[in-house]
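Read on for two forms of one protein chain; each stands alone as structure tokens, with the labels structure 1 and structure 2.
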Structure 1
Amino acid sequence: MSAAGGAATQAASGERAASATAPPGRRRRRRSAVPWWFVVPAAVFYVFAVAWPSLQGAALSLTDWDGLSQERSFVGLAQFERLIADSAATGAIWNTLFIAVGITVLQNLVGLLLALGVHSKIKSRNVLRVALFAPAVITPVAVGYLWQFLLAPQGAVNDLLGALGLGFLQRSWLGDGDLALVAIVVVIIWQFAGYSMVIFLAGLQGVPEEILEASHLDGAGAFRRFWSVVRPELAPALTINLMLSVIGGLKLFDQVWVMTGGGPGNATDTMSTLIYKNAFQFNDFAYGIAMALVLTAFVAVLSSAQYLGLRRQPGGSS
């Protein structure tokens, strides 16, 4: 063996000996450490594609830029003051909160009931799982056009009500502001209840059968078994579903825009549709960016508060 090879062998042996004599905590840290350079490509892409444009947008919200001209003037917080006094923006905020709350509560309730149903021993459970999840893979725009057709004054829903002798229930579902907002919530629940079902179903499959059988032998009824045994095991799935529902409801755009365009009037405008209108239809780009920043703050604050609240619950995810 050459002198160089012997020196390399001795160095490697010395490193192994030093590693063996190092404290256990240090050895674990060495094994679990990830080279920082793996993060660099993703971090560089994030900075140039997300962080830097976001900072530029925040700066533009302090101007009066129309999105087209080269001229812009600094106006400070005038766009945000205008937003507070804008009745259309106030209505859009309430509509957004209504949709987010309705989706969060009803979608997860329906998803949980569906998960409990298809988790049973019925023979058609696999077919039902596929059928109930299928709407979630359809693009939101296609769903919006489908339901716009079904809910039209001469659409399939009113035709069905007439055929059943329930003509007195026929409505202009998307022409009435109050009904249109409810119809949008129903459509979102129809599309994504199956998505929530799949997440709950994954949680249900993690519940030990032995515990359920033991509680049944102890005389616990179906509700008691669900509340005391199943519910704590579903805490992580519930946290995920609630987070997704809140965030999705707050930034909802596609279905609203396709089905109603924010109408009639501004009755179904959400923050997202109003941002689009101001930025790209009214050429009031700086005002649209100010609305987008407010929406971002809403999503961040409400989702963070919800997550922290759910973590404090028994069985909440860490």
Structure 2
Amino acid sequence: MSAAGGAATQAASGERAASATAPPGRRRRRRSAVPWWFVVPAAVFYVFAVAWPSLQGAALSLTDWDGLSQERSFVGLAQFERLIADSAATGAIWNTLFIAVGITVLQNLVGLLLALGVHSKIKSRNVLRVALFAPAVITPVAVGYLWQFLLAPQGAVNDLLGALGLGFLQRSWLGDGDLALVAIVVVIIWQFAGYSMVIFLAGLQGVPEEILEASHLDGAGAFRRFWSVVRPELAPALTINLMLSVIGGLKLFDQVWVMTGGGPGNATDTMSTLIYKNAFQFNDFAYGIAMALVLTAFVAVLSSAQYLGLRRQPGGSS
């Protein structure tokens, strides 16, 4: 599995090495040697299935199409004006940000700790690498069903807490709005921490185990030494991991839809669930598409800010 992460790590380090390599003289020669038409098949499929239909879809945001009728008329930016006044939409934006930030920070933290744990001499490391990654292969919708069952009032989570003598921690995990948001973040971490772990593991391959071992032992000095050695090695893996979790968190849909459907009330509506509701359930397709465009802008701004920010950091770029 580590191969996947290794390659990903290399991919990220390649990304930053991009423009730095190749002196000018070589460049010219290469331009003629590399056939540009190699991009054509990829571009054809991409334009056909993604770029062009997305543009067509985006154009619908300027209409009043309800998603069904055979008529639609041009309304300019009216749908976007509605958005500003829509308290459900602003609520969903905050929920989306909460989930995205929660996932980005915690999933990577847990993933890193797990990676440090299995990048050691422990005998179970190979089994653990498989076991911890297993949740990542489950269909997101199935994950939603499974956790809805586990988080029910008399479900396995409350049972387990009771059995461990932690009965005072038993909660209505999905019945309380604030708690349900946290529960969603926890479920995503369960599913994808192993995924982050694998990518970090690849980055850790360049770090001698002795340094990790030593840092387990002593105080802050050792930790600082450890960090100064490990951090540059991990930077490319971190770039990939952050990019994946920011985009994944902002666009999260399946698990939320199955677990809470955006409820109770609107407490766990994300931008994606609200887009879906408007487009397909409220007879308000164009408005849903307007929201989808706002979501696109969010993802674009946050992921590129994050990406550029990391590239500027020492260790993040060379």
Partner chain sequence: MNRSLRSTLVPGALALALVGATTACSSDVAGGGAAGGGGDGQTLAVAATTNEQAAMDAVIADFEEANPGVTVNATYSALDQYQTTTRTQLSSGTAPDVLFVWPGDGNPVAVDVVAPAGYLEDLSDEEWVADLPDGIRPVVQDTEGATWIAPISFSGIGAVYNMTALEEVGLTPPETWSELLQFCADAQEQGRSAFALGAQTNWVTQLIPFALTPSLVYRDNPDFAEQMAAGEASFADSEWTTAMDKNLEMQEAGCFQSDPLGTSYEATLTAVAQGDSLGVIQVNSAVPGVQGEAPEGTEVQLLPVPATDDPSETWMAGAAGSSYGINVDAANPDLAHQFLDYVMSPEGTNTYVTTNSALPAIPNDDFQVEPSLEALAQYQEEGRTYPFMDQQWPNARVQQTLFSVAQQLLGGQTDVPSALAAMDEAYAQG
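It should be emphasised that the depicted structure is a prediction, and the values quoted were computed from it without experimental measurement. If you superpose the two forms and keep the largest set of C-alpha atoms that fall within 1.5 Å, you have the rigid core. Residues are numbered by position in structure 1's sequence, first residue being 1.
- Remark: the form predicted together with its partner chain is the source of structure 2; structure 1 originates elsewhere.
- Comparing the forms between structures 1 and 2, the C-alpha position of Val40 differs by 2 angstroms or more, with the core used for superposition.
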